[in-house]
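First, one chain by itself in structure tokens, the form predicted on its own.
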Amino acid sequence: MLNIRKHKVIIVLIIVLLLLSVILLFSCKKEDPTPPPYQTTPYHIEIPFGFPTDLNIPADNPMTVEGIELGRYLFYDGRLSGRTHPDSLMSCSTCHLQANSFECGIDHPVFTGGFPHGITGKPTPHVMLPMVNLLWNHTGYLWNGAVQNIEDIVWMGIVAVHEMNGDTNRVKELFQNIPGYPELFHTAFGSETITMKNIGRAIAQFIRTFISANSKFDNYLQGKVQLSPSELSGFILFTTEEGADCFHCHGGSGNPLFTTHLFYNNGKDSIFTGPFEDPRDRYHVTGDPMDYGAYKATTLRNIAVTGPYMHDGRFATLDEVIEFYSHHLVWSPYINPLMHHINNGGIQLTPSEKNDLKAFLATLHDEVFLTNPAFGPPEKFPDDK
């Protein structure tokens, strides 16, 4: 009997001790922080073969699946102009066509000759730059590098008279009242209150997914295909100073971006009038007179579909561009030192060399990128029934 009672006492004591331990555990445990109101899914960027690993992604706008989805809707939604009338719709995609490497292109169905204009009819002060591989651009955006991130370009495009000519408050109010959009903003950024900051963030995320790395030349570097004799000859011309001497500004096999993202006076003009000269050159950013007439070296990827060429669109075709660099360079005190053939007026390519160089440039065409449905318009918008 005593043994039974003893065992019962021991069992009761054990239970009491366990209960006390549990109580002490929970009483000593700090309160858990309030769980986040939303949970985003990180977007994995697969860096292509041979590409740099230094990516330009702002710390306050990490890439997420939800942000990119929202950005895609906004990029293609004509109501981004802040209007709903069919004649007043305009979005990023109005000018930036995927088939033309996300620039206007010479064959745009609305803008004659590749020269875009805004809702008001006022022309843009420059032709467009392609939106491709901007994930690796660390030197600023636009032809002179005046804008430091894609996020800012978004609101600039909305308010610019020569683009959407919109009002940011009207844009926010409009999308706040479009069914489906507040929920998408909450999913992407944790708040249903729509702000210009988050509109810019979302579109910038989507644009940063525009990666072109599947051209014939990319496959050649990976040993998957061979270049033709003409293409190979053009490649040699491209990458040698005694040849076409393109690689200093546009890279090559060691620079798969096919741009340094730097700014050059490449010999288009000889007379510059300082502060009153074209306000789009690099001088108006740096204040350095040696930047008169200097503009960003564009990527040569998909170059066959990104005409017209140069900041002012003065050349309609690649043949004209090659002819310019061959025979029509113009000296000025501000010419970039890398223009090694300036004293001869150009690189003096022969007709066969011009054909070979053009054949090589054609190997940078990436049809997979230009037709990738992930970069195209959504099948429907959030408020579509």
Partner chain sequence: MKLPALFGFFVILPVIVLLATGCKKDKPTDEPSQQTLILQFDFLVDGEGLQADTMIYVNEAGNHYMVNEIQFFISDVKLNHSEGNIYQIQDSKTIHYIDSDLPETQSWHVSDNIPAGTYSSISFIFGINEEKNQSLIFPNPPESFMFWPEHLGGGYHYMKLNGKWLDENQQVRPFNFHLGIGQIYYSFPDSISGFVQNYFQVALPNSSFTLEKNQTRKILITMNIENWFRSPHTYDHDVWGGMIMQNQEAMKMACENGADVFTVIIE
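Worth saying up front: this structure is predicted, and the values here are computed from it rather than measured. Numbering follows the first chain given and starts at 1.
Same protein, other form: the form predicted together with its partner chain, not shown, and the subject of what follows.
Under a 4.5 angstroms non-hydrogen atom cutoff, its partner chain in the predicted bound form has Met290 among its neighbouring residues.
At a distance threshold of 4.5 angstroms between non-hydrogen atoms, Gly252 is in contact with its partner chain in the predicted bound form. Its partner chain is not shown here, and in the predicted bound form it never comes within 4.5 Å of any heavy atom of Lys358. Interface membership of His341, defined by any non-hydrogen atom within 4.5 Å of its partner chain in the predicted bound form, is confirmed. Listed stretches are 297 to 305, 115 to 123, 236 to 244, 156 to 164; the contact stretch with its partner chain in the predicted bound form is 236 to 244, by a heavy atom cutoff of 4.5 Å. Site annotation in the predicted bound form: the residue of Leu318, Ile335, Ile57, Leu329 reaching within 4.5 Å of its partner chain with a heavy atom is Ile335. Comment: its partner chain is not present in this chain, but in the predicted bound form one of Lys216, Arg83, Lys268, His248 has a heavy atom within 4.5 Å of it, namely His248.
With contact defined as any non-hydrogen atom lying within 4.5 angstroms of its partner chain in the predicted bound form, the stretch 120 to 150 contains no contacting residue.
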